[in-house]
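One chain comes next, on its own, written as structure tokens: the form predicted on its own.
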């Protein structure tokens, strides 16, 4: 690069002329061509030899990588590290991962666009471009167009570049010098820059902390523990009935708790049959359910003799009596679901499998206490 010369700058008023000048000067290889315009000029980028930007492809690549990493991370957490079935969905439910994948894609693409544009393509930090200190900058920022031939080697000839611009329609030409301060950033300068940034961040952080303490609540922002809310058990003036807790919609059924299709145990006896086969595991399950829930009142053998003291005044049914033995399995199931007399409902405590297993065990007790010769 010639001593003290950054570039030779020519001003144009017509967009077609600057494009033609660039096309004529570029083959001569006098230096690196650059253009400065207050508005986009179609074809000028190709005329000065500016290749298509690689930023778009880089952003696309990093966006795909971000989406892939998010998908792999969420899939690994949901299906491998902490498998959790939600509403019966498969462990790897990629549809639920889309929001996070989108956010990570945007994060990777945005940071790539910003950082690559600044540090890779624009070669920043660049503290003050020499053209900004030229006399022509005032015209360039209004209505003039500038074509610059930058000095890229020691053989750069500023006079030859000046003549080339004038011969190709430049209205005026200016030689832009290299500023004295435009030198590569030294280690000391770099450390000073970092120290300045750290100091500015510290002052800004301390100022914001002090301001937050001085004015803790700034409308419309409020702290979460002080925000208006409605306690479910408090009176509400918003609803006509004054209740804060809203009743369930009429006909609402909890998932997995369908109402019974019968109204009485007798009706259940005519509609239902025991769907479970009598196997050893089911019999063992039925014995546990019976001993845990039924034996305290009906007795360990189902004879209606409770395990409670004489203070208990109830008269539980005797499963060994001919009347109760003759009742179908569905009747027992209906009693467990709906309750009978002083006996409460066990619909919320036992599922269908446990209720039918208990019915099997009651039948085993009845047969054991009324064994026939052929049973021996």
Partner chain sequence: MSPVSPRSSLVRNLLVALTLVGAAGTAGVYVSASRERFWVNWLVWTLFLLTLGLGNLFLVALERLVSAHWSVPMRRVPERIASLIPLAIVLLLIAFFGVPVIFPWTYPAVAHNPILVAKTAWLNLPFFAVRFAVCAVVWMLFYRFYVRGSLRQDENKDPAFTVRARRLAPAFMVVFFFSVTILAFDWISGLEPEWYSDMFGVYLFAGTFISGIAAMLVGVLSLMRRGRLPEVQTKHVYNLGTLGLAFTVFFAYIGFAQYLLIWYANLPEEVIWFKHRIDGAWQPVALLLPLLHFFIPFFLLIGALGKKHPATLRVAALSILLGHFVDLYWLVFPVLGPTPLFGWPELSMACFFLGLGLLQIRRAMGRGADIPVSDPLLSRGLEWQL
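Positions refer to the first chain, counted from 1. Note that the structure is predicted; figures quoted are calculated from it, not measured.
If you look for the form predicted in complex with the partner chain, you will not find it shown, but the lines that follow are about it.
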Is the gap between residue 60 and the partner chain in the predicted complex 4.5 Å or less for some heavy atom pair? yes
Is residue 95 one of the residues lying within 4.5 Å of the partner chain in the predicted complex, judged by heavy atom distances? yes
Quick one: does residue 89 come within 4.5 Å of the partner chain in the predicted complex, counting heavy atoms only? yes
With a cut-off of 4.5 Å between heavy atoms, is residue 251 one of the residues that contacts the partner chain in the predicted complex? no
The chain here is shown without the partner chain. Which stretch in 159-167, 140-148, 230-238, 96-104 comes within 4.5 angstroms of it in the predicted complex, by heavy atom distance? 96-104
Out of 131-170, which residues reach within 4.5 Å of the partner chain in the predicted complex, heavy atoms considered? none
